[in-house]
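Have a look below at one chain only, the form predicted on its own, in structure tokens format.
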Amino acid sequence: MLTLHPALRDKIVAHARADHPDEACGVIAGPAGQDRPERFIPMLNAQRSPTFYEFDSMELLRVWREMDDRDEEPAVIYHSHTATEAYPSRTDISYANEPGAHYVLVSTRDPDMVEFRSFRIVDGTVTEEEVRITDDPPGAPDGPGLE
């Protein structure tokens, strides 16, 4: 289960809508080994495409080094789909290389609706998981990331 503070969910949705008609992408970092999403990091879609996303390689290197320096890891890797449902494509599945991360997809195909889903993708296998939105601050008992 992905447990997420509503402000983080809102930031993901806002980023997806702001970048529409292109796909948006980014990461939410959290303390290493704790499955606790805390720090929102919007990233550039180097492809600037409505059907595909790719992290900019230099930005990706900088963000991953920064997370390493802060003893963090990618708790959430997110992107948007602009014309299809929020479900991982074959390409999304083939690029999923963080088995501990929650892969969040947001569909911006309907501007009046929020389609927000989370998946675990391990060795090409996609498993949808429940998303729990809570106001508890990160690190609080029963707060985000604590199950």
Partner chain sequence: MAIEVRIPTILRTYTGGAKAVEGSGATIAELIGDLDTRYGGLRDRLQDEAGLRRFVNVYLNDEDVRFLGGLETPVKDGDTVTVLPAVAGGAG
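Residue numbers count along the first chain shown, from 1. The model shown is predicted, which means the values in this text are computed figures rather than measured ones.
Here the subject shifts to the form predicted in complex with its partner chain, a form of this protein not shown in this document.
Asks: Could you spot which one of 115, 54, 38, 35 gets a heavy atom to within 4.5 Å of its partner chain in the predicted complex?
Replies: Looking at the other structure, the residue within range turns out to be 54.
Asks: Within 4.5 Å of its partner chain in the predicted complex, do 75, 107 and 127 each have at least one heavy atom?
Replies: Heavy-atom distance to its partner chain in the predicted complex: none of the three under 4.5 Å.
Asks: In the predicted complex, does residue 99 have a heavy atom within 4.5 Å of its partner chain?
Replies: Yes - in the predicted complex, heavy atoms of residue 99 and its partner chain come within 4.5 Å of each other.
Asks: Using a 4.5 Å cut-off on any heavy atom, which residues of 62-97 would contact its partner chain in the predicted complex?
Replies: Those in contact are 64, 65, 68, 77, 79, 81, 84, 89, 91, 92, 95, 97.
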